[in-house]
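Before any questions on binding or motion, here is one chain by itself as structure tokens, the form predicted on its own.
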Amino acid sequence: MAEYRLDPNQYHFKWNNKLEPALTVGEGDVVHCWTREVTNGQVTPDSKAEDLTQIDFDQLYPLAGPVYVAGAEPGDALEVEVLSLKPDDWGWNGILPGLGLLADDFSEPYIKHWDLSDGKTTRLRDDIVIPLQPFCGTMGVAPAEDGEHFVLPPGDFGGNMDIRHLNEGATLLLPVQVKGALFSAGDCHAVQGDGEVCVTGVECPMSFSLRFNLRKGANIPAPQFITKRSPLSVHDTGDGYFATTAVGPDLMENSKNAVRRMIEWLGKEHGLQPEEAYCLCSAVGDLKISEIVDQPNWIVSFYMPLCIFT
């Protein structure tokens, strides 16, 4: 087993199985990485809301890698163990016009800067304190299909999955699609709710360390993962949750309405402006399918952890 440090300048913006490896490793090896936040430095601690309308989308998702894993062949599963995750001192989230679950409701840009310097919590304001739960929003292997592929939609090879439970101690299994796997990662978040409803978690530069192994001939159809975290979230405390629901035959519309009702509650109960509330929902709120068997109507719930309100 060996340890490597990936050059921070070894990154790419698209999936492409013809990319030259930035690093070659063997089974059991550990790779230490650092990546910029999702806009590759276009958003800084000094950025204003209007700056979000000027983002060059070709510079989104700077991914560390690709890492060639010796011995990986199509049909194997690449095992990626998350050893450590350490956000830098600053992060952001916000509203990018045209994106997010409630794009029709929020047409103007908005940005929220987050102080991550204590490494454990961040604050929306003095009475709203959010425990950090960092993870890499994007982890994947090169897809079998030739050509360049945008990072934004995930695929059966992994990619921009935004699974917030891929925290320290978790193990991700990815279906290898090309020789060497060509693994890459980035799009790091200091904390995020299930659904990432405004399209940004708390985006941040981050240092992270991963260990690679192979499960030969596993033939998994899509990503799978193991988490040893219990409780599942740092927000699972004795304070509990407040949840809003929406009922109807359309899961997407139900999801939108459940979030809208949470935004309304946050305004009434905690005095948040709609933009603030929407960003808070994306950072810590969780969308859940509560019922999907009693057709024709399904229930989607949106959970807000009460522990954040001090």
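So that there is no doubt, residue numbering starts at 1 and follows the sequence shown. Note that the structure is predicted; figures quoted are calculated from it, not measured.
In what follows, reference is made to the form predicted in complex with a further copy of the same chain, a form of this protein that is not presented.
The closest non-hydrogen atom of Gly71 lies beyond 4.5 Å of a further copy of the same chain in the predicted bound form.
Contact between Gln177 and a further copy of the same chain in the predicted bound form is not found at the 4.5 Å heavy atom cutoff. a further copy of the same chain is not shown here, and in the predicted bound form it never comes within 4.5 Å of any heavy atom of Lys48. Using a 4.5 angstroms limit between non-hydrogen atoms, Ala185 is distant from a further copy of the same chain in the predicted bound form. Comment: 227 to 235 is the region of 140 to 148, 81 to 89, 227 to 235, 126 to 134 lying near a further copy of the same chain in the predicted bound form, near meaning a non-hydrogen atom within 4.5 Å. In the predicted bound form, the residues of 160 to 175 lying within 4.5 Å of a further copy of the same chain by at least one heavy atom are, in order, Asn160, Met161, Asp162, Ile163, His165.
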